[in-house]
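Encoded as structure tokens, the following chain is the form predicted on its own, with no partner shown.
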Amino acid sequence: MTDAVDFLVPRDVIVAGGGNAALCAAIAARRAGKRVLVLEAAPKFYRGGNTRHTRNMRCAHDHATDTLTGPYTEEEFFDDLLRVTGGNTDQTLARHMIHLSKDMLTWIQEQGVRFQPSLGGTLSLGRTNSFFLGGGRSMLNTLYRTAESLGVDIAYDAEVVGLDIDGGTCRALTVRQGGADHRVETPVFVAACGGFEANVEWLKEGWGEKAENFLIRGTPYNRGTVTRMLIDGGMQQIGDPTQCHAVAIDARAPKFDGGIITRLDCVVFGVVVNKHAKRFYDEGEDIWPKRYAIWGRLVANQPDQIAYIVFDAPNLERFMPSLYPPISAPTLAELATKLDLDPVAFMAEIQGFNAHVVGGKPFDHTEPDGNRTEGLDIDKTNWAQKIESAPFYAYPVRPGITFTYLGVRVDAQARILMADGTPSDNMFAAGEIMAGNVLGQGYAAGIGMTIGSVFGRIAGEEAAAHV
């Protein structure tokens, strides 16, 4: 492993970033025989960006495997993407990614990564998503070992703070490490260094002051420095600054780096109320893997960006719990008091919900079950159950921002496009920094890793070919 890196040694490909996309790019370029340097802004302990907190990736496949319960065709994947994005995606690029994702299950395993069957309570993804053996950190460590064994140089605490861009060509990077700035010339540059979710001031440009209440699920090092420099350097911007992967996470989580263990997957099992004890959205709109990532945005638009997931005793063990225990009480009134909610308003909301539950079909969280409410201003259209069996439970939740979608536009070769639509001479992008090409809005579980690995591999191979 390289802890001290000589920035004056010539390299063929410079990769900014240290997560899945960056490592896939570095490995692909190195396997093509090129000299590669990875610049990771974080210290070694925190390397890997948001990849550390992942569990799985979504890839098309034609048959069941040892770890996948059935086929997931390219068309089904594409339909799911259209559904969650509302059609706000570059359809040609999305189809290209989905087609190439079929090979990723083999390619990523050739780099040493191993999969396991899905865990219980993990959003019913056993057919569509491949789970990493040991989780995202294990997958990340495996990619680092592979990269290092191939001869990829890795510099930690090495932030790219300057880009020397001449027209569509990146001539050199300014890299800050240990308080000193180094000019690093590069034949080819791959930007794979995440979004700007840890830059609260930038989030405020789109969200306003409410962004102060957001929790950042992942690394505090993704501040969008390279994204901003690329856009300022004449690269074409894509995406809405308010669109992001935002889920409801435990409000007791730390400001940064709480990770996946602070996410709550129990919305479909109960109801969600705001600080005024009012429901504000259909908790049963669709199966959870296609809707869990809308709840961060929904909570972000509630007063004080706080909400509460409320459920009762039979549902306590139907989902993966948070790191923190649920708040519990023997009565609904006592639960309201513990949540600092108006007990009268809270009781009225829950009792009103219970009175409108119809259905009675067997409960099945893996597909829409038709158990619904009728007659409410906001009906719950599936999985509606009366909240009536003590003890009663609740989780306080806030918006948990995973990654942002505003970034740079790329083509099918992962080349960054300039403002006039022509491709850069020597700049490529992969991962969160170009996710907005595929994700104009919405999210489906595991697709962030798909974007990173597929376009990382493309960027590495194309960068090597360019050299």
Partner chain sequence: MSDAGAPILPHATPMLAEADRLMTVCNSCRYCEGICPVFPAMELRRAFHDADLRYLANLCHNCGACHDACQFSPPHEFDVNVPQVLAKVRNDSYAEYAWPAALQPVFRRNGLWIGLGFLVVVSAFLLGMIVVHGGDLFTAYLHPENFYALMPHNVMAALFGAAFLYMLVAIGMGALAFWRDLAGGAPAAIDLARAGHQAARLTHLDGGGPGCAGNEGQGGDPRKLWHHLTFYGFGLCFAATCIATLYHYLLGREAPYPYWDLPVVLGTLGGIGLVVGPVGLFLAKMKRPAHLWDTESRGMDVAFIAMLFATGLTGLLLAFLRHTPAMGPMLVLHLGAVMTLFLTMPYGKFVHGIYRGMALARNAWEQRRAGH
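For clarity, every value in this text was computed on a predicted model and none was experimentally measured. Numbering follows the first chain given and starts at 1. Whichever C-alpha set is largest while still superposing within 1.5 Å between the two forms counts as the rigid core.
Here the subject shifts to the form predicted in complex with its partner chain, a form of this protein not shown in this document.
Trainee: Any chance W107 has a heavy atom within 4.5 Å of its partner chain in the predicted complex?
Mentor: Judged by the heavy-atom cut-off of 4.5 Å, W107 is well away from its partner chain in the predicted complex.
Trainee: Would W207 count as a contact of its partner chain in the predicted complex, using a 4.5 angstroms cut-off between non-hydrogen atoms?
Mentor: Contact check for W207: no, nothing within 4.5 Å of its partner chain in the predicted complex.
Trainee: With a cut-off of 4.5 Å between heavy atoms, is T54 one of the residues that contacts its partner chain in the predicted complex?
Mentor: Contact with its partner chain, yes.
Trainee: Give a yes/no on whether D90 approaches its partner chain to within 4.5 Å in the predicted complex, heavy atoms considered.
Mentor: No - in the predicted complex, heavy atoms of D90 and its partner chain never come within 4.5 Å of each other.
Trainee: Counting any heavy atom within 4.5 Å as contact, can you tell me which stretch out of 174-182, 340-348, 316-324, 272-280 lines its partner chain in the predicted complex?
Mentor: The contacting stretch here is 316-324.
Trainee: Please pick, from L150, L119, A333, I287, the one residue with any non-hydrogen atom lying within 4.5 angstroms of its partner chain in the predicted complex.
Mentor: The option sitting close enough to the partner is L119.
Trainee: Quick check on this chain: which one of G258, G126, G233, P187 has a heavy atom within 4.5 Å of its partner chain in the predicted complex?
Mentor: It is G258 that has a heavy atom within 4.5 Å of the partner.
Trainee: If you check in the predicted complex, do G135, S138 and P254 all have a non-hydrogen atom within 4.5 Å of its partner chain?
Mentor: Yes, the whole candidate spot contacts its partner chain.
Trainee: Aligning on the core only, does the CA of Q111 end up 2 angstroms or more away between the shown form and the other one?
Mentor: The answer is no, as the C-alpha of Q111 shifts between the shown form and the other one by less than 2 Å after core alignment.
Trainee: Answer yes if the Cα of D257 shifts by 2 angstroms or more between the shown form and the other one on a rigid-core superposition, and no otherwise.
Mentor: The answer is no; the displacement is under 2 Å.
Trainee: So, superposing on the core, is the move of W202 at the CA at least 2 angstroms between the shown form and the other one?
Mentor: No.
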